[in-house]
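Below, in structure tokens: the form predicted on its own, a single chain.
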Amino acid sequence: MKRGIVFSIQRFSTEDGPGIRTTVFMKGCPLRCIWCQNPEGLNPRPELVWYDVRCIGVRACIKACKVGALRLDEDGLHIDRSRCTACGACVKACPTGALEIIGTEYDVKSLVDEVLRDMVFYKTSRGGVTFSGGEPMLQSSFLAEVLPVLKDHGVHVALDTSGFAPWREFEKILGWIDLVLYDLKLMDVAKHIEFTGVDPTLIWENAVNLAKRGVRMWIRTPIIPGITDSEENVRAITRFIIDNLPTVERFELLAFNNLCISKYKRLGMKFLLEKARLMKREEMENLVRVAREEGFGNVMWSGMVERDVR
């Protein structure tokens, strides 16, 4: 039986598909979007993180680490990730919960049991379970065992994906997917490579293949100031939807936020957009207007905007 690695399970989600949903965030992603909101989902393996506000400096963690991966000084706890094996010994030794392993291994039964705890909410709201990430398609073989069990229980299943995976991986699970939330970020190839690290051709091809298979889709575009927020980009994405994706039911524009900064710090990573501004409400509404003018009617936006935080 396959096993999967999950870095978070979010209950009572209302933005990852219809109704009330439980979103399962799978670990590992082949993209490196500079605006990524879930850096803890990039690495496919479990990782150690440190919460400075919980630490009282007793150094029990350092004594417990058998590979010498931890060092504490006036600047805080330093984790040598080239040595750390995420064994969890330091987590058990810490008296205040200042250390945590991000990434939990599940077998099929344990994950199904976990998400079925919310079955009453799925039924009353016509919701279900959404698999997100990271990139869930990196664990398609595990999903191919989980999804049939969920469908046997009558659960609506959605897939939230960047689309960057070989088509054969999608073929493993399409028979059990009710809806795909599909990211289209940039239609300029050079910019896509610059800001996400990958060529978008495969993403576009897979989107077309999904539509040809009759798969229901919602398109999502993160609106990042100075990167994806141009009228030209939104028009190009809208035109791609109209010309190639007849099964798309709605187009969502997701406003950038910087709430992930603390996550980057805990992982010893730098968030390159830490100083980036938020979008303004009128800018988001204008982009919705642009998409509708191009000919796609069901367009909406969500997220934190500058006007809302003043």
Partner chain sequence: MRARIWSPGGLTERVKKLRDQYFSFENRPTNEVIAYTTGAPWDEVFSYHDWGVVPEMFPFLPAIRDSLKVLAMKVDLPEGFWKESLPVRRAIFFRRVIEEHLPVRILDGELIVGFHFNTALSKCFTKEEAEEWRRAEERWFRRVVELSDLGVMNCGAIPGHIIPNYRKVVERGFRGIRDELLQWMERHTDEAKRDYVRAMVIAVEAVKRFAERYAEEAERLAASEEDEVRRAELLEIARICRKVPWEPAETFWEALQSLWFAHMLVMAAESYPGPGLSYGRLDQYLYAYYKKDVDEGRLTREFAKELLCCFWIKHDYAYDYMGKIGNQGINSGFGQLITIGGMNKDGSDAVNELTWLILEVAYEMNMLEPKLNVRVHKNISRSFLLKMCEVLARTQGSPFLINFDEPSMRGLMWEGIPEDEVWDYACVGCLENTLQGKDRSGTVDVNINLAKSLELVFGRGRDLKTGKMIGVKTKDPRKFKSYEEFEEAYFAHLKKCIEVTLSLASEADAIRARWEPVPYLSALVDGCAEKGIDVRQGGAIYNFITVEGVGLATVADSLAAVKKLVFEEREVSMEELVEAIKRNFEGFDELQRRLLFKAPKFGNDDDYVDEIARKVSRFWTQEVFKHVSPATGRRFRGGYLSWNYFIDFAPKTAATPDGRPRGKFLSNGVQPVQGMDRKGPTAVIRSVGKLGLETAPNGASLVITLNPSSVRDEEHLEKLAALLLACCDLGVTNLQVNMLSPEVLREAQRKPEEYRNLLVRVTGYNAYFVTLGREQQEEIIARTCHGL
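Residue numbers count along the first chain shown, from 1. Remember, it's a predicted structure, so these values are computed and weren't measured experimentally.
As for the form predicted together with the partner chain, it is not shown, yet the points below apply to it.
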{"query": "Location of the partner chain contact in the predicted complex, chosen stretch of 233-241, 151-159, 115-123, 137-145 [non-hydrogen atom, 4.5 Å]", "finding": "115-123"}
{"query": "Candidate from Arg45, Arg54, Arg32, Lys270 lying within 4.5 Å of the partner chain in the predicted complex - any heavy atom", "finding": "Arg54"}
{"query": "The partner chain contact in the predicted complex: Ala93, any heavy atom under 4.5 Å", "finding": "yes"}
{"query": "In the predicted complex, Ile20 touching the partner chain (heavy atom, 4.5 Å)", "finding": "yes"}
{"query": "Heavy atom of Val305 within 4.5 Å of the partner chain in the predicted complex", "finding": "yes"}
{"query": "4.5 Å heavy atom contact, Thr247 and the partner chain in the predicted complex", "finding": "no"}
{"query": "Partner contacts in the predicted complex for 259-283 (non-hydrogen atom within 4.5 angstroms of the partner chain)", "finding": "Leu259, Cys260, Ile261, Ser262, Lys263, Arg266, Leu278"}
